[in-house]
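Just one chain is shown here, as structure tokens, and it is the form predicted on its own.
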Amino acid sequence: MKKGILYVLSGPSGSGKTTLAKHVVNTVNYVDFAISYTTRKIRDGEKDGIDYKFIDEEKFRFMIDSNQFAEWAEVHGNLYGTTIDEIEKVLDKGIDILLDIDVQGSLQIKTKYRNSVHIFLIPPDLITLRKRLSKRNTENSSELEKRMEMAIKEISRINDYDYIIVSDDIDKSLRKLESIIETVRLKTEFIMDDIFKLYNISNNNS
């Protein structure tokens, strides 16, 4: 069976990447959302095993030492990571998978999965980003400034990504992300085997 395609969606905190990722899973066929592990505290409205798998630092460190993560990073004092098993069990079914991870994790994935597709979601400007972060009421003023500083550093790495989406409107951003997914699926490297099988042609390059 042909393996699925691995998509990575990154962006600063407050860019709306998690919301966008969930929308795509509900609107695009054969796309699943990988659930990451984290040591941060659960927020109001979140559910364990749906938004994240919430674990303590000791267990997370054990998973690092036992090489269970395809990617992991420490962000704002909390640990986040996606396991190899979580990714492979989806890809092996021929289903595409979407990772909602930060820049550090994206670079790790790019090293391990050469055919992965990397998309960066960027707010229209820093004023909008600050408003979005303030509206969440999850950080004090000091933490907010740290997130703004981190956003600048993350945005400076956009040259490591294949596509960029300016997240000025959720509906527009969703259409752009859907378009990227459909375009990638038409790339020769991903559709070639299906075409050869359809026309009963042997793939001499495989």
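Small disclaimer: the values here were computed from a predicted structure and weren't measured. Residue numbers here begin at 1 and follow the sequence given.
What comes next is about the form predicted together with ligand 5GP, which does not appear here.
Within 4.5 Å of ligand 5GP in the model of the complex, a heavy atom is found for all three of 11, 43 and 80.
Within 4.5 Å of some heavy atom of ligand 5GP in the model of the complex lies at least one heavy atom of residue 101. At a distance threshold of 4.5 angstroms between non-hydrogen atoms, residue 163 is out of contact with ligand 5GP in the model of the complex. Proximity of residue 91 to ligand 5GP in the model of the complex: non-hydrogen atoms within 4.5 Å are absent; the residue sits far from the partner.
Residue 71 belongs to the set of residues with a heavy atom inside 4.5 Å of ligand 5GP in the model of the complex.
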